[in-house]
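Before any questions on binding or motion, here is one chain by itself as C-alpha cells, the form predicted on its own.
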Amino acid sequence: MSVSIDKQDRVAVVTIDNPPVNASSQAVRAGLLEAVAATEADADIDAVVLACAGRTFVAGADVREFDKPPVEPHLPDVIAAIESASKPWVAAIHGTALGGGLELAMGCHARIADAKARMGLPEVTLGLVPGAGGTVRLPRLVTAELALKMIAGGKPISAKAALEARLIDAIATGDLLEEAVALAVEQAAPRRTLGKAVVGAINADAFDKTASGLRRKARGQASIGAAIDAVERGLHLPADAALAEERATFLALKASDQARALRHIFFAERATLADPRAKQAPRPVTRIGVIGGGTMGAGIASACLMRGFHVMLIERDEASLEAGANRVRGTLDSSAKRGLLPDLDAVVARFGTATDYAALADADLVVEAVFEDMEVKKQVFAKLDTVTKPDAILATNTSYLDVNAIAAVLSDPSRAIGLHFFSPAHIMKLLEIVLPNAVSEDVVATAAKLSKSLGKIGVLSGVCDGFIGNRIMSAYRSEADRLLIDGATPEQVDTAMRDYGFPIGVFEMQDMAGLDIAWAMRKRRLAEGKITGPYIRMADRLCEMGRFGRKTGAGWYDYSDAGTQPSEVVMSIIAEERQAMGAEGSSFADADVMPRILGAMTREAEAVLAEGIARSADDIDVVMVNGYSFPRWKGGPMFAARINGG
C-alpha cells in the first residue's frame, strides 16, 4: 500500500511509501484522504504523525501525471482535509520536502525535520507555481521576503534555515520518528496555518527589490513573474481568494508550452545514461590525474577535489605548475567562503602537484586538458601509456579533435575516452562523454558513474568534429556571420538572442571566450578541408588585428572602463566583406534574426541525430540547455522546433 497507518499508544503514524521519492501520486493522495477519515473516526487516537518510508519525505508531485487528465482527489483537497482535522498532525521530514511535499507539511499543524533535511517550492523550475496552497501558507509561516525567494527563486533551504525562519518547529537530535511522536503528544490542539496572519510587517522596499531582481533573471520565463504575483496575492488577499487564484494560475501554466518544454528537459536529463553500456560494472576510481593547470584543467581538478577524489595536477614546469595550483586553490577558497566546502583543509590534503608524469603511477583515471592541438595531445597520451597502470582510464578533454586518433597512440585503445567538460568545469553541469570506436564498455560505465559523482549530467556522444554541442554551435555561429553579411549588426543579433532568453549573445559570447580559440579551430578545419562553401573572413580578420575579445580590450565590440561599445572598426570590416561577397547588406528586420539562428541549429541537430553522433533528440536538447545556455523553458533546439510547429 502507498499509505499505511500504525499506532504508537494514542498517536497514529501515517506513512507514505511510494518509492523512489514518495511522489504525491493519485494513490498517495487517495491513501492520505482515507487516513484522515480513519484517524478522525478512531476515538483511541489523539494525534497523528505524517512520515515517509525510504530516503526522503515527499519530494514533489508525480510529474508523469501532468500530461494526463487530472484525477481526484486533488492535492489541495487532501491538504485541506489534513489542515481541517480535529486532531493535530505533525510532519516528520527527512531527505527533501519539495513542492507538494512541503505543501503537505505546511498543511500539518506542526513540523519537525532531521538536521540534513531540505525544504523548498521549486515549481518555477518546471514552469509552474505552487498549486496546493504554497503561495498562501508559506507567507503565514515565514517572512514575505523569504517566501518570495523560495517560491519565485525556486531554491530549497536547509533544516537549520527553516528552523530559524520558523517554517519548522524543531530539528530532531535523535530518532526523527520518536521525536515526532513526542511532539504530537505535546500538541493540545491543531494550529492551522491558514488561520495565522501573514508573518510580521511587510518590508515593501525589500520585497520589491527582490521581486525586481527575480524578474530580471527570468529573461522571458513566465512562471517566475507568475510566482511573484501569486506571492503578492497570498500576502494581501483573503486566504480563500488567494488559494483560488493560485490554483487557476497553476492549471494555466501547466498547459503552457514553457511548462511542457521544462517537463521535457526534466525527463530528458534523467534518461541520458540509459544506454546499456553505462549500466555495466564500473572500474573503481578514487585517484584522478589532471594534465594541464590552465583554466580548464584547474576547473576539472577543482570539480574532482570538491567531490571527494584525490587529485594530482601535472604541468610542464614549476612556474606553470604553481600558477595552475594557485588557480585550484583560489577556486577552493572561494567555494569554502560560500559555505560549499565545510572542511577546506581536508580537501586541500587530497591535492598534489608534480612536473613528472611518474606521479600518476597510481592514478585510476587521468584527464588531459592541454592545448587544443592534435600532436600535443598525442604526445601526452604516449607518455601516459608508459607511466600509468594498465587499467587506468585515459581521458581527453578535447573540444573538437578526433578522439579515435588520440586513442590510437595507446597500446590499449580500449581504455581511452573523451570527457568534454564545459568551462567553468567546477560549475557547468554538462559532461559530454565521447566514445571512440575501441572504448571498453566498463570504461563507458566508469565515465557515466564519474559524471554522477561530480554532480554532472553526462551525455554520450559519438566522435565527430566538435561532438554534439560544438558541432551545433558551429552552425549557429556561422549563421550569425551570415546574418551580418545579409544586413544585421552584431548588436542586433545579440539583442535578439537576449530577448529570446539567452543570457548572452553570440558575438558577446565569442568576445568573452576569446576569438583566438575558435580561430585556431577554423584554421585546422580549413587545412583538413572540412569547411566547404563560401567562407566568411570577418572573425579571422579581427584575430589578425589582435582583436581577441575582452582579454585584449577589443573583439566584435570595443571594451573600456566606460563599458562595452559598438566598434567602427568591426562595421568597416563587415562592410568590406559584404562588398567582397557581392551582398547588398540592406537593413535587416529584428524579427528575422531568431528564426534564422534556430533554423541553422535545428538543421545541424537533425544531422547529428541522423549520423548517430547523438543517441536521441532528447540528448541533444540536454546538451544545448546545460552546455550552451539554451533557454531551458524553450526545451532545446529540437524540441523548440516541434513546439513551434517546425
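Numbers follow the displayed sequence, beginning with 1. What you see is a predicted model, and the numbers here were worked out from it, not measured in a lab.
Only in words, not in the display: the form predicted together with a small molecule, which the text now covers.
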message: Can you work out whether residue 228 and the small molecule are in contact in the predicted bound form, taking contact to mean some heavy atom pair no more than 4.5 Å apart?
response: no
message: Contact with the small molecule in the predicted bound form for residue 209, defined as at least one heavy atom pair within 4.5 Å: yes or no?
response: no
message: Would you classify residue 155 as touching the small molecule in the predicted bound form, given a 4.5 Å non-hydrogen atom cut-off?
response: no
message: Can you tell me if residue 60 lies within 4.5 angstroms of the small molecule in the predicted bound form, counting non-hydrogen atoms only?
response: yes
task: Choose from 547-555, 375-383, 120-128, 336-344 the stretch whose residues reach within 4.5 Å of the small molecule in the predicted bound form, heavy atoms counted.
output: 120-128
message: Please tell me whether the candidate spot formed by 217, 497 and 500 is one where all three residues come within 4.5 Å of the small molecule in the predicted bound form (heavy atoms).
response: no
query: Which pick from 96, 302, 396, 258 sits with a heavy atom within 4.5 Å of the small molecule in the predicted bound form?
result: 96
